[in-house]
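Shown here is one chain on its own, the form predicted on its own, set out as structure tokens.
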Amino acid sequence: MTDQLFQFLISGITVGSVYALVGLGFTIIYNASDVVNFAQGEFVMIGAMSAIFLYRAGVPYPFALAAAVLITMAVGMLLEKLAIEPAKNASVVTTIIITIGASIFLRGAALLIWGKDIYGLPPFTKDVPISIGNATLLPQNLYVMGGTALAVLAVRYFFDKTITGKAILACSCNRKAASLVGINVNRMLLIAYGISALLGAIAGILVTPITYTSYDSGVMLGLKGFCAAILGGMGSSMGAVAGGLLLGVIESLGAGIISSGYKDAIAFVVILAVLFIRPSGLLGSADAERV
């Protein structure tokens, strides 16, 4: 039983790492522009699908992964420039509708470009399972966990230590004041969308060798990432990471102990419970300063 629980924990942390990156992307955009970007899941799908087809076209694996990240960042920046920036004075409901429309558009474009088939990436290294007691751990699981940890640390360093990161934080606190001291607010928002897309692409590239992907795989990942951001506290970057990991573990344990048929429902039951009991999230508060 202990080995079985450990196996569930490994699976939960792996998938939770992906939710954490998607949730962190939600939080960055929400902090920078007050927009809940429901196209975040499509960044995960575009990163994965771009990497797959560049690799199949003969591009060396590392270069295919790097190019896929750049393509996804370009898509994220175009979304901000063409859809979000023109509607900067619109209501919250309007911007949510815009991002949902962008999600549908990106999914449709992916269907036209790549079709309905399910695709996979080869693992980063030899896929020989590592035995820990009666539980097994794939090397790709370690890449997912390690890649997520590095990405989160890099994001924290960017916002805490760099001028550009601090400028984005200034825009999130007060756009008018930031503009008055010479910060180019539009450029900062563009960079924030690029970072969010980058995180989505990393998530897609890391997890695809384990789970495979298709043109519509971003829908559920986007919803789970949104749940992670709400669970941790919308507006709290580290809360989104903690929420993603916790959600992944709860989902894995629930699927293993209760039934895998309830796997997706468990996440939404958890988020409904959190919204009823603590609407600001586990690590958030109603008057918290955004970071």
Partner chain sequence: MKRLAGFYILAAVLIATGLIFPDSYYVTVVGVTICTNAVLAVSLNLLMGYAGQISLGHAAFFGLGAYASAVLTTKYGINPWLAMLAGVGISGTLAFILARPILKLKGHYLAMATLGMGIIIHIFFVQADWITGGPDGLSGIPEITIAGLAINNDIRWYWVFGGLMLFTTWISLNIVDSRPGRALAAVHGSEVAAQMTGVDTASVKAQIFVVSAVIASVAGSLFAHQQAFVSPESFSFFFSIELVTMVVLGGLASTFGAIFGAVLLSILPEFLLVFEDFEVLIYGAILMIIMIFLPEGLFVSGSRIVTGWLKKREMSTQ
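All of these numbers come straight from a predicted model, not from anything done at the bench. For the two forms, the rigid core is made up of the largest set of C-alpha atoms that agree within 1.5 Å on superposition. Residue numbers count along the first chain shown, from 1.
Keep in mind that the form predicted together with the partner chain is not shown, yet the notes after this line are about it.
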Checklist line | Thr94 within 4.5 Å of the partner chain in the model of the complex, heavy atoms | finding: yes
Next item on the list: Determine whether any heavy atom of Phe226 comes within 4.5 Å of a heavy atom of the partner chain in the model of the complex, and answer yes or no.
Entry: yes
Margin query: Considering non-hydrogen atoms and a 4.5 Å limit, does the partner chain approach Trp114 in the model of the complex?
Written below: no
Check: Heavy atoms within 4.5 Å of the partner chain in the model of the complex: does Ile98 have any?
Finding: yes
Next item on the list: May I ask you to choose, among Met238, Ala265, Val59, Leu70, the residue with a heavy atom within 4.5 Å of the partner chain in the model of the complex?
Entry: Ala265
Checklist line | Partner-proximal stretch of 42-50, 61-69, 238-246, 256-264 relative to the partner chain in the model of the complex, 4.5 angstroms, heavy atom | finding: 256-264
Item checked: Contacts with the partner chain in the model of the complex - residues in 230-249 whose heavy atoms fall within 4.5 Å -> Ile230, Gly233, Met234
Margin query: Please state whether Ile13 has a C-alpha shift of 2 Å or more between this form and the one not shown, with the rigid core used for the fit.
Written below: no
Check: Taking the rigid core as reference, does the Cα of Asp264 move 2 Å or more between this form and the one not shown?
Finding: yes
